[in-house]
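As structure tokens, one chain now follows by itself in the form predicted alone.
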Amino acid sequence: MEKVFVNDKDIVIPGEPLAEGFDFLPAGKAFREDEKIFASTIGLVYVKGRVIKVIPLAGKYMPKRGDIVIGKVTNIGHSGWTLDIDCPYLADLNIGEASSEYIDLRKASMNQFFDIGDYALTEVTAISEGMFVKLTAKYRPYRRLVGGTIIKVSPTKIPRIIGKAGSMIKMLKDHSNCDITVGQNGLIWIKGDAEKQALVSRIIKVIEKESHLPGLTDKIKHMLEGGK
């Protein structure tokens, strides 16, 4: 018997049955057991034809080459910096990847470029077999992030915060006049007027919490225009 037990965009929990029948295909965080498909995590379910897909509502960031990430400098070594990019693995920014110009340590100290506690916008260039992440900040817009505030959201919500073709993040920037930089690892840097920084931070948390609800774009626009 072919049957779907959920509706498109339902929130499901681990172990919840989603569909029955071999004509359906599990995707994302859905899995098959005999004739049935189940959710393996808390997530949002998408029903597209015969595909039953679960997108996690929360989860740890898993780096991929080419990802743009924001990291916090946690250590300075002889040949570079260690950054926390909020993932299970260590991330390294080698001195040769810190600037497009040659860094002469006889004339400058490493903490002039990145100091412990600094946040940096970087790109993942490689991931070793031992899951050691290599970063670069060699070219613009990669740099040390000075001032502003950092907030953290679930990495799975970053696409909704950016919006289709960048529409949501553009609306936030245009209405607040804040500089907003989004890392794919779930860290977001916001810099502007203190009151606007606080507003954007609060709105981003609303987007994170209500990303699956209809009418979200209109609600965010209302908040940016001074509504509650």
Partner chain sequence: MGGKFGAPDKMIIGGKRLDGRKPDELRPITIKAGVIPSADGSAEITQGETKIVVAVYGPREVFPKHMSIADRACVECRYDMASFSTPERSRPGMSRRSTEISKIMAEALMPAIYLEKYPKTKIDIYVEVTNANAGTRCAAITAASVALADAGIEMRDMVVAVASGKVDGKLVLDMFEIEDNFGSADLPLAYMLRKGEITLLQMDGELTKEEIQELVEMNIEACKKIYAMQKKALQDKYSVEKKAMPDAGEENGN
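Think of the rigid core as the biggest set of C-alphas that the two forms share within 1.5 Å after superposition. Numbering follows the first chain given and starts at 1. The structure presented is a predicted model; accordingly, all values stated were derived computationally and were not measured.
Keep in mind that the form predicted together with its partner chain is missing from the display, and what follows is about it.
A.B. asks: Could you spot which one of I169, I70, L44, C178 gets a heavy atom to within 4.5 Å of its partner chain in the predicted bound form?
C.D. replies: When its partner chain is considered in the predicted bound form, the option within 4.5 Å is L44.
A.B. asks: Taking heavy atoms only, is K60 within 4.5 angstroms of its partner chain in the predicted bound form?
C.D. replies: Judged by the heavy-atom cut-off of 4.5 Å, K60 is in contact with its partner chain in the predicted bound form.
A.B. asks: Is G130 close enough to its partner chain in the predicted bound form to count, meaning some heavy atom within 4.5 Å?
C.D. replies: Yes - in the predicted bound form, heavy atoms of G130 and its partner chain come within 4.5 Å of each other.
A.B. asks: Is K134 near its partner chain? Define near as a heavy atom within 4.5 Å, in the predicted bound form.
C.D. replies: Flag for K134 set to no.
A.B. asks: So, in the predicted bound form, is V182 in contact with its partner chain at a 4.5 angstroms heavy atom limit?
C.D. replies: V182: no contact with its partner chain in the predicted bound form.
A.B. asks: Can you name the residues of 19-39 that have a heavy atom within 4.5 Å of its partner chain in the predicted bound form?
C.D. replies: The stretch touches the partner through G28, K29, F31, E33, F38, A39.
A.B. asks: C-alpha of F38: shift of 2 angstroms or more between the shown form and the other one, rigid core aligned?
C.D. replies: Passes the 2 Å threshold, so yes.
A.B. asks: Is it true that I52 shifts between the shown form and the other one by 2 Å or more at the Cα, once the core is aligned?
C.D. replies: Yes; that C-alpha moves by at least 2 Å between the shown form and the other one.
A.B. asks: Would you say whether G192 is displaced between the shown form and the other one, judging by a C-alpha shift of 2 Å or more on the superposed rigid core?
C.D. replies: Result for G192: no, shift under 2 Å.
A.B. asks: What happens to the Cα distance from I203 to L44 in the predicted bound form: does it get closer or farther than here, with a change of 3 angstroms or more?
C.D. replies: Here the pair is closer than in the predicted bound form; there, farther apart.
A.B. asks: Shorter or longer C-alpha distance for L199 and L44 in the predicted bound form, given it differs from this form by 3 Å or more?
C.D. replies: Farther is correct, given that in the predicted bound form the C-alpha spacing of L199 to L44 is increased by at least 3 Å.
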